[in-house]
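There is one chain below, alone, in structure tokens, taken in the form predicted on its own.
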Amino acid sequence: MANAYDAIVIGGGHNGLVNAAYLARAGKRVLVLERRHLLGGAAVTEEIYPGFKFSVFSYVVSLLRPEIIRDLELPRHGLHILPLESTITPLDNGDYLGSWGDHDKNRQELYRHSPRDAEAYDLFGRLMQHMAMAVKPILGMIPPDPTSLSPRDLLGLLKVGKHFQSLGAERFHALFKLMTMSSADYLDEWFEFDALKATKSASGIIGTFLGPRSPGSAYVLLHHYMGEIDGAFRAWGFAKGGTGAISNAIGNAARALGATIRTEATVAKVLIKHGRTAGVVLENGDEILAPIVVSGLDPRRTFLDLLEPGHLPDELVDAVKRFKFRGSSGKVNLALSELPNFTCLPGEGAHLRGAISISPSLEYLERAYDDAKYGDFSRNPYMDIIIPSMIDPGMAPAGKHVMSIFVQYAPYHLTGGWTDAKREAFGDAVVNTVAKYAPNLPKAILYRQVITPLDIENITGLTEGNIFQGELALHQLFFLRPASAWAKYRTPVRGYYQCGAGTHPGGGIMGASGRLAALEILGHA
């Protein structure tokens, strides 16, 4: 029986769709299989409450690779990014810290809180840009295996070495510090105003089970600092129509290039014959044949769930079992009858078209982490809030609004487990914390959706609800992501590949893992 497809991609998340689009662009007959009724994985838009559209999980975009936007002509397929140009941090004394798109306005705001920090900020920004540009080429590189003597790996290591040598001693040492320090300690060297350090260090804890003073969190800060939308460095935005519109644009591009996409098609296992992939078996028992199978799922599901025992070396199985997920992020989505009224900036204004960060001090963030360390959700959590309907009015009925609240910390391994009562208590903690700064919020809520890491796992399939398919810890990066010797998107099973965010370069709505896996397949399959 002839194969109906050249390649099957498991999972319709954005990396799987990017992978399928690139394979189809190269002339491969590709089938994408997604277990849910809609595409996107964690990048989805759903009308959970009539008339109100929520970016249920992922909610902003900045890391989507510009080469993917161009190669797949995503704007032609519906991608439209709207800018998020400000961040305000409400303070406990009734004041606020603002970060604005206008350089002069931003400098004046910093000067109001700390003249010293205002003077340091531009220099810090230039250094971070240099650091991000130093790391940027690595994002587009297939990781070489440092233990291999193959010419390809040796050339890859030589390329990495030359790249770091080209940075010069000063920038290399600065990058080394960033890779190993905590975000709080790193920022302590630059700034004195606590709220500024807290708001910036918050980028170092997103999606990780780390506190602002945990070593390694400075790299996560840099990871988020590398935001780039279509070449605009450090640009953050909201996709018109929500993050599901990003997935749909990539899906539309894949279809236009000839890929076939099926939803509500759950893959039970990868079919292996004579030591290599032959296709997949669906949950209903159907077999679909293809010589190449690509998993967009996380490493645990890719290696341990989809393959029957005996196909992998013991050391890889052990490494995958040790791979740290430790989901710690929750989400609260609100349908509102009116806008929140922040006491620090009353009324409607530009600040509601940007982000609101609940990060008034480093101590506040560290105490939030303390709750999670001891098995509880944060009673006063860090939150990153946007109001999508202020940016894209189509997200809610006229005069009404939606609010997206990303929350740290909500540990997957909660003492006593996540129950309905614990979920509601977590939701209450989030709303009550925001209400300290916007007192009208509780009465404005028409509907709320509370999402725990367990919910993320159950709905999207992300192990332990980790939004990056595994922590961005130093021991889980580059040629160690997800495991030594298996970071080049291949697996020990011939014809079986990995393309999810559990591979290099990691999480965020980036698409780089899907693209790099496709390049690996096309060059060496």
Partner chain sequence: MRTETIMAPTFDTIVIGAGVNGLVAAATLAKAGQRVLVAEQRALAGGTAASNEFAPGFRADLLHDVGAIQALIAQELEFSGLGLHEVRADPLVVTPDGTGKFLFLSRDIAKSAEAIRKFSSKDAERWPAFVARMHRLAGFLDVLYSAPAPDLLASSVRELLPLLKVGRKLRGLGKTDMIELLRTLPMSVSELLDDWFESDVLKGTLGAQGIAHITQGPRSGGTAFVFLHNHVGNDAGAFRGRTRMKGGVQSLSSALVNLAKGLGVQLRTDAAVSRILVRHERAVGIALRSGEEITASTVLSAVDPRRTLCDLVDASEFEPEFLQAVRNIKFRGSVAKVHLALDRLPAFTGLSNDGAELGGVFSVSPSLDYLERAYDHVKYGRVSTAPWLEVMVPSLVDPSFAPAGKHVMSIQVQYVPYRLRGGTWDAARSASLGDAVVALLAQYAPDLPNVVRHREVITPSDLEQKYGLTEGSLNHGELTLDQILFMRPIPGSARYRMPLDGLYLGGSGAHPGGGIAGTPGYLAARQIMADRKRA
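Please read all numbers here as calculations on a predicted model, not as lab measurements. Residue numbers count along the first chain shown, from 1.
Keep in mind the form predicted in complex with the partner chain is missing from the figure; the text below concerns it.
- Checking Tyr447, Phe124, Phe164, Tyr111 for any heavy atom within 4.5 Å of the partner chain in the model of the complex turns up a single hit: Phe164.
- Note on contacts: among Glu192, Asp95, Asp71, Glu315, the single residue with a heavy atom within 4.5 Å of the partner chain in the model of the complex is Glu315.
- Every residue in the set Asp145, Ala169 and Phe209 has a non-hydrogen atom no more than 4.5 Å from the partner chain in the model of the complex.
- Remark: of stretches 256-264, 95-103, 317-325, 299-307, the one touching the partner chain in the model of the complex is 317-325 (heavy atom within 4.5 Å).
- For Leu480, a non-hydrogen atom is located within 4.5 Å of the partner chain in the model of the complex, even though that partner is not displayed.
- Although the partner is absent here, Met181 sits close enough that one of its heavy atoms falls within 4.5 Å of the partner chain in the model of the complex.
- In the model of the complex, at least one heavy atom of Leu474 sits within 4.5 Å of a heavy atom of the partner chain.
- Taking non-hydrogen atoms only, Ser484 approaches the partner chain to within 4.5 angstroms in the model of the complex.
- In sequence order, Arg367, Tyr369, Asp370, Lys373, Tyr374 are the residues of 367-400 having a heavy atom within 4.5 Å of the partner chain in the model of the complex; the partner itself is omitted from this view.
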